[in-house]
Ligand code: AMP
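Only one chain is shown below, in structure tokens, and it's the form predicted alone.
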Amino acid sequence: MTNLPEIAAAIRHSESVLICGHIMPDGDCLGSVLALGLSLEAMGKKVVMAGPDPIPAIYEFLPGVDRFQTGPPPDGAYDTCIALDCSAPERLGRDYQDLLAKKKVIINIDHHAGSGILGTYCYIDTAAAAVGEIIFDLLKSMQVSISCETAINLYTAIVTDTGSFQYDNVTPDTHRRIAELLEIGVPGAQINVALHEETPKAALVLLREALHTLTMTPCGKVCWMTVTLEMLKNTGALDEHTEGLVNYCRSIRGVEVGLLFREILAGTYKVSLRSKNIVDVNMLAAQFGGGGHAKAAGCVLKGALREIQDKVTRAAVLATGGVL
């Protein structure tokens, strides 16, 4: 595997760089792309920051977000393409997969186990709490001065992928990095408000509807909720408003695995999996062609909702040692 100094050297030799994130971008994806992009621009590089899907409104406060281009890959003669936080090629979206296949210099930086993107340079650190931590270390390796704008993006990347430092991926070094970002001038309290205290009414109405679907297995170790396209339409909510709903299932006393079945197309469901203590949901999701982290993973399944729920919940119960 490539090390950070090698990636730093490759970036220094680049002139025109495309930095892309994954479909349905989250805080770690956007924060990392923007932090690296703004820093490379400060070095005099020509930089384009882009991704296939729209930016959730919750992240509109991020510095440089107005520069993030969505939709098909922007035209340009890039000598280097950098993929961030993409656990599998399909997470890039078809157009970006095709684009990267044609480029000579591809840099893949991720923290998901088994990242399937083959790059000229690959750096996968599964011990990192967020890709934002890796970008922080990369900028340090490059001896790049971290501006307040870049620090805000890095802080957001790390704080969102650690669940505001609640997950067990948090290490002492996570807090050391955060302390340095705060010293640069990151307004932590303001970011907390932007992320957690500006919830659209439609998101709460959707939560109400989703809670009506809350179901537990007889053993009490697995709990799930469902969000259908009809529910989104009736509540006026967007896909981005489903973020975090699965945690309501996991938060119930005695529950080990929380699941959210979200209809993304007619007959196609994104399954979000979260565990509390013992179950590795990355391995659980892998049974259905998905993946992620030990405590947070996902997969996409097609078919009848009830059949999908039966398959996934049975596998989850077996993983917990519970009784079907």
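All residue numbers refer to positions in the sequence shown, first residue = 1. Fair warning: this is a prediction, and the values are worked out from it, not measured in the lab.
Not pictured, yet referred to below: the form predicted together with the ligand.
Distance criterion of 4.5 Å from any heavy atom to the ligand in the predicted bound form singles out Ser87 from the list Thr217, Thr80, Asn108, Ser87. Of the candidates Gly258, Gly290, Gly27, Gly64, Gly290 is the one whose heavy atoms come within 4.5 Å of the ligand in the predicted bound form; the others do not. The ligand is not drawn, but in the predicted bound form it has a heavy atom within 4.5 Å of Ala297. Contact between Arg177 and the ligand in the predicted bound form is not found at the 4.5 Å heavy atom cutoff. Contact check for His241: every heavy atom lies farther than 4.5 Å from the ligand in the predicted bound form. Within this chain, Arg250 is remote from the site of the ligand in the predicted bound form, having no heavy atom within 4.5 Å. Annotated contact segment (heavy atom within 4.5 Å of the ligand in the predicted bound form): 267-275, selected among 48-56, 267-275, 30-38, 65-73.
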